[in-house]
Ligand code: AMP
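Presented as C-alpha cells, the chain that follows is alone, the form predicted on its own.
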C-alpha cells in the first residue's frame, strides 16, 4: 500500500499529532486537515470546513479523492460521519454512530458494561429532584455527577461538598430531564488507546493524563494539561487483567454488531491499590493530550495501521513500538478553562530539541495565522510540547526546556507533569 491521500478531521492538538505522524508515514503521499490549525497547515493542506458540517466533509473527501478519513473529535462520529463516508465508499477511521454511542451516552456505555460484567463504578440514574438526597446517601463522598451528553471531557463534577453535588444534580435534571450519580473509584488513573476492528486489535502504550488545571492536581477539571507514557502504574499484571476483563469482552461485543466497530476505543481506567482495573469511561476516539504522547512511540507506519483498521484487517498488521518514554506539557491561554483570552501573538514555536535519542517539539492546538502572517492563540489549550527520550525524567526535562522558550502573554502550564510516574 502506498500513496494514500488522508484527510484528518479536527483542529486541536490531537489532530496536529495525527497529521505529524501521518506526514512521516511512508504509506501516505498527502495529508489534509479540516479545519486544522497553524501546525497542520505547515505539514499539509487545511480546508475551511467545520467538523460539524457532515455534508461538507463528505463532499470535501470526494472532491479531494481521499483514500482515508481520520476523525479526531467525537461529535462528528456520534452524528454519523463514518456512516456517511462508508456509504460513499470512502474508508474512515472512526466508528459508526451506533458504536459512537459508547461515548455519546454514558448511560448506554454503563448498560453495555453491566451486561458484559466489565468492572466499573456503581451508578444511579436520577430523574426527580425529590430523589437527590436519597441518592447522595447511597454513595460515600466524594460524589461524581455526570451529564449524559457530549461535553468535551468536561461534563463531570467531582465534589465532597454535599451542597455542590446537590446543586449539580438538580441542574442536570432541569437541563436534561435526568442526571447520573456515580460511585467514586479510589486509585490511580491510566488511559489505553486500543485500535480495533472486527478482525482484532492493538493496544498503544498506556498513558496518564493530568486533568486538573494546577500543580498538585488542584483546581478545576480541564480537557487535559499534560500526559506521559508509558505509565508505570500500568504494570504487566494490570495489563493482563485489563485485556482479559475489559478489552476482550468489549471487543467481542463490538465485533459482532451488524456494523462492526472500526476505530480507536479509548479505555479510561482506575487502578486501585491492589492492581485491579475498573473502567471510568470509554471514548470512541484518540484522546487529547494522550495522542501527543503515544503516537511518537509507534515505530511502525501509522498510515498503514489506520487504513488496516478502516478496512477491517488489523489482525494482519505488524504493530511495533519504540522502547522510549514521552511527556507532553500543555500551554493554556489566560483565563482557561473558564473564559480563555484569544487573539494574542505567539513566539518561539520553532524551538525544538533534536539530539539523537532525545528530542522535543511543539504540537499546535488552538492556533491560527493572521492575515499578516502572525501566529495567534485561538483557543483555550493553545499548544503543547512533547519530549521523547530513553527514560521518563529526560523526556519531561526536554519538554519543559522547549516550553519555556514559547512566549504568549498570560499563558500558563503545569510544572509537575509526570510527577506520579517519577
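Numbering follows the first chain given and starts at 1. Just so we're clear, the structure is a prediction, and the values are computed from it rather than from any experiment.
Below, we turn to the form predicted together with the named molecule, even though it does not appear here.
- Query: Using a 4.5 Å heavy atom cut-off, which stretch among 236-244, 309-317, 127-135, 180-188 contacts the named molecule in the predicted complex?
  - Reply: In the other structure, the partner sits against 180-188.
- Query: 281, 148, 301, 197: which sits within 4.5 Å of the named molecule in the predicted complex by any heavy atom?
  - Reply: The option sitting close enough to the partner is 281.
- Among 267, 270, 254, 295, which has any heavy atom within 4.5 Å of the named molecule in the predicted complex? Answer to the contact question: 270.
- in the predicted complex, does residue 123 have a heavy atom within 4.5 Å of the named molecule? Result no; residue 123 lies far from the named molecule in the predicted complex.
- Query: Do residue 250 and the named molecule come within 4.5 Å of each other in the predicted complex, heavy atoms counted?
  - Reply: Heavy-atom contact with the named molecule at 4.5 Å: absent for residue 250.
- Please check if residue 86 has a heavy atom lying within 4.5 Å of any heavy atom of the named molecule in the predicted complex. Heavy-atom contact with the named molecule at 4.5 Å: absent for residue 86.
- Would you check, heavy atoms only and a 4.5 Å threshold, whether residue 156 touches the named molecule in the predicted complex? Yes, residue 156 is a contact residue.
- Message: Going through 197-222, which residues have a heavy atom within 4.5 Å of the named molecule in the predicted complex? Please give them in sequence order.
- Response: Stretch hits, in order: 211, 221.
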